[in-house]
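Below you will find one chain, with nothing else, as structure tokens; this is the form predicted alone, and questions on how it binds or moves follow later.
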Amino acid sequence: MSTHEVFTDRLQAGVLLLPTMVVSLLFLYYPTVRAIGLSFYQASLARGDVFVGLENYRRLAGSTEYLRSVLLSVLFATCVVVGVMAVALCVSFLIHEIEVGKGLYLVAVIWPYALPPAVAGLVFLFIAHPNIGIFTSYIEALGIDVNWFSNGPQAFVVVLVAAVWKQIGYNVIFMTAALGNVPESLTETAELDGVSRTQRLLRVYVPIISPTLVFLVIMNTIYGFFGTFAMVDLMTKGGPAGATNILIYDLYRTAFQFYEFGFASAKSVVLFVAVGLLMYGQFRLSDRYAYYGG
């Protein structure tokens, strides 16, 4: 493979990179450094900043409420990843198999992803509202009393379903593209050998598109931890009784409802480190199980 420099002038390359570097410094690196520094202070609007060392982290380690929020977030993110991947893989496979109207089916599946998170949360709120939801009467006809405003497990499930519904379109885009790159000869060979459609999906297609699946697992994990704030805020506000108080919403409440900025910064640092370690583990696993050809 030939290699050549697109920009031979380093000054020109630096000028072109400058906007990206400035934006990254202002909105990514500076807030990160600021949050780490603030986590060592007891910071509030009224009393100013007081250096307290590791006190915020000791407080976190001894908080049963925070530990509950951590476990809740891990469970929520795991369910989001599994739910999104399973549904999106099935939908992508069905779209890949049909011959007519593929574009229409893709649009129908992808449109929830095009909605802003707040709008998606409002849409799902009216879909599943205990009193005026358009699907509520059908669910209650099955003998289920829909009242997730006061029932914690129901609230968790409703927010989880909304989060999965919002993210399916993003996964279908990548999975459909990956399935489109599978050699047609493999499909024809599998059909001649009498391989069922389910076996063809699991034993032929999934190993070939495994790099795409690994990428999506990582993106969905980040989404499960960081990307569902708007839905929790609009649908349950962390309740009832903390049943949907995942880490990102708990962090928001600490900072902007209780105005404990130092404590909230310590929570953000812990969340950042935990998700970073999780990403590192997933990258190591992807090297072992993903098939990159060759």
Partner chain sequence: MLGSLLTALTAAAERSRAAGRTTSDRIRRFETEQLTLHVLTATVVFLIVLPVLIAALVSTKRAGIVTSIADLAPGGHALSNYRRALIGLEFWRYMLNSFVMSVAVVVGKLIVSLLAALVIVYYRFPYKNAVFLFILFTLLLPVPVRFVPLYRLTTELGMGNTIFAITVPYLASATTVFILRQHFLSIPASLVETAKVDGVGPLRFLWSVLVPMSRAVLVGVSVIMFVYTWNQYLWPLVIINAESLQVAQVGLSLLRGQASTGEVAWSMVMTGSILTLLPPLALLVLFRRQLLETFTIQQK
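Each form is matched to the other, and the largest set of C-alpha atoms that superpose within 1.5 Å is called the rigid core. Here the structure is a predicted model, which is why all the values come from computation and not from measurement. Numbering follows the first chain given and starts at 1.
Heads up, the form predicted in complex with the partner chain isn't pictured, but that's what we're talking about next.
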Within 4.5 Å of the partner chain in the model of the complex, do we find a heavy atom from each of 63, 151 and 278?
no
State yes or no: in the model of the complex, is some non-hydrogen atom of residue 68 no more than 4.5 angstroms from a non-hydrogen atom of the partner chain?
no
Exercise: residue 16 in contact with the partner chain in the model of the complex, heavy atom 4.5 Å:
yes
Closest heavy atom of residue 184 to the partner chain in the model of the complex, within 4.5 Å or not?
no
So, residue 261 and the partner chain: in the model of the complex, are they within 4.5 Å at any heavy atom pair?
yes
The partner chain: the contacting residue among 127, 160, 201, 85 in the model of the complex [heavy atom, 4.5 Å]:
127
Only one of 217, 146, 74, 208 gets a heavy atom within 4.5 Å of the partner chain in the model of the complex. Which one?
208
Going through 132-146 from first to last, which residues have a non-hydrogen atom within 4.5 Å of the partner chain in the model of the complex?
132, 133, 134, 135, 137, 138
Threshold 2 Å Cα movement between this form and the one not shown at residue 17, rigid core reference
yes
